[in-house]
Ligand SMILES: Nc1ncnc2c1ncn2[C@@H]1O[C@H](COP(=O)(O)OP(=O)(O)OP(=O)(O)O)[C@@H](O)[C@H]1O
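Quick setup: one chain, the form predicted alone, written in structure tokens, and binding and motion questions come after.
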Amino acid sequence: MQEQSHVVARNRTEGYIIECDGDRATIAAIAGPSVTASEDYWAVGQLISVRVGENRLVGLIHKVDMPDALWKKDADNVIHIHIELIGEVRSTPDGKSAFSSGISQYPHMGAIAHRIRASDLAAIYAASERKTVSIGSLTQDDSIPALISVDDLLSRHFAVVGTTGVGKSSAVTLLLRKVVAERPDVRVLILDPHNEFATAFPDHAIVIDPANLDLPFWMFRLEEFADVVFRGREPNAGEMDALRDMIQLARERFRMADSQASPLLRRRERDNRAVTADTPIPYRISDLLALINERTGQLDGKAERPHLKALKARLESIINDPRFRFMFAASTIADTMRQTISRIFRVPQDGRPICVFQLSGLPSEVVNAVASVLCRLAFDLAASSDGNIQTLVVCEEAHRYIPADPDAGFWPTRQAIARIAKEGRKYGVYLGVITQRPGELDPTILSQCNTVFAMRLGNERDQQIIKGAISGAARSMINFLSSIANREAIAFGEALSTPMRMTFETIPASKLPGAHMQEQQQLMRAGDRRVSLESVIERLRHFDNAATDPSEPFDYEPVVMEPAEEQRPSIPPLLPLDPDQRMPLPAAESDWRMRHAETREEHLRSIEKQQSRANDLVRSFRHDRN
């Protein structure tokens, strides 16, 4: 009973409109001993209701001050409350309340204002006719769910921004869980530079890392392959011209040999498909090197010889570098495009629609090229399949790939991501951008993300970027960005009915990104400080053990081979730091090539018995690219 009387007294506290300019209004009210309302009644961040006829305008308090700047402790004081108008609540014929972001009638001088009532607050954030899901609750009232439309979240792209440690990765994990639950037709490709998302989706994701990745070099376009060959530096013009010509000839040579060995290939298809340096048709490194040698030996190629010799040396250096095994292994020489696409883009999904592509183990000079290949393929697959292969590409640390400086970064990667942002909606390929520095992100890409979850940002420039992205109403919410708590966000855009300050749902600790690292750190804090340096070094050398032995010469002869095995569904097991806790492994488990030798031989024998061509999707894909 006492609680009810408190609420009634609180609702009777009123203020009066004394100024309005269309976007904002000022309320005069009394604060002091005679007022029975709670101390935070007129606090910044609260929502206020202003009675105008039969409707109630809704305003957000963004500033509170006093006209004379003098507070009287034991007397009543006049205060001014500055609000930003965000919409109005109307009563429907059936007696319910409905919120609209437009304002049909502005308040007159003296219009009564008070704290918004619970029914109106619920109406503002109530589910609309769109299908929505809850991702958390309002910060102002945790009994009201924060609802988003998954369809609008995807089709109009989204961004999650916030400084380090505020919960961006956890928020992304929650959003992706909602996406795969509501849209089982959508695949998710996460570009994970920190190797932290593997533990977040143990039942929904496969993990691709350098130890099990087969991404054939011939699937790289000329600019992408050149970025690998020249180790991320500006390519030499003479070598670049030679590489373009040689790759085109190598592709044509492979296609001619392949068509002669495949009588089932239709003559019309063989004659009509033009081959360029970018056509995704396999070619042999041995053919490429042989063509370079032939050109070097020609009398009319004397002027090109220095460039050709330098290009050959670069190619041989990369081929024999064990870090690039994922591009030049024996299994990448055959036409394995269907298998590569199937694994990375989850066709079929097999109950695991998410692919976590771990980038941290790749050589730094090849990361941009790999990201370009993946983003380009995501778009091309959606377009070639008439929208049947829908993919959400999630770019963690997106400012690495699409920086604000147009002269920085790798142009093909920027171009591939921009194409998804601008045209992807038509074909069913969507973009999720995650960054801690929106000020360093390409503003064109950020402007294409029509739903934004802005978590705590301390940098003023970053705050101004987000403030410019929010629509007119509730722009003052951005003023809270420097002080909101972890897991809180200012959310606005197409996927929400109105901008809101919200708190994301809590995810179980075992399913948080990087959960395995958190567990180890907690053990250390609890007193278990035993560390085996031998084990740490062994894990540091894990990739080298999985790669080709550099002491063995690289075999340039093509070997036709299927992928070794179906992609494993979780991250590689990490050895405990304490040697006593580790189970002894069989000798065959110490080397990746030994573990899969028998499987590779079986695939080799089976592929020799059949000469089946790539499926219709790959044929259509290659035809569309010409």
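Note that this is a predicted model, so its numbers are computed, not measured. Residue indices: 1-based, along the sequence shown.
There is another form of the same protein, the form predicted in complex with this ligand; it is not shown, and what comes next is about it.
Heavy atoms within 4.5 Å of this ligand in the model of the complex belong, among the stretches 289 to 297, 96 to 104, 158 to 166, 200 to 208, to residues of 158 to 166. Among Glu505, Glu223, Glu182, Asp152, the residue placing a heavy atom within 4.5 Å of this ligand in the model of the complex is Glu505. Only one of the listed residues (Arg338, Arg487, Arg352, Arg425) places a non-hydrogen atom within 4.5 angstroms of this ligand in the model of the complex, and that residue is Arg487.
Although the partner is absent here, Leu512 is a contact residue: one of its heavy atoms lies within 4.5 angstroms of this ligand in the model of the complex. Taking non-hydrogen atoms only, Gln436 approaches this ligand to within 4.5 angstroms in the model of the complex. Put simply, Ser170 is close to this ligand in the model of the complex: some heavy atom of it is within 4.5 Å.
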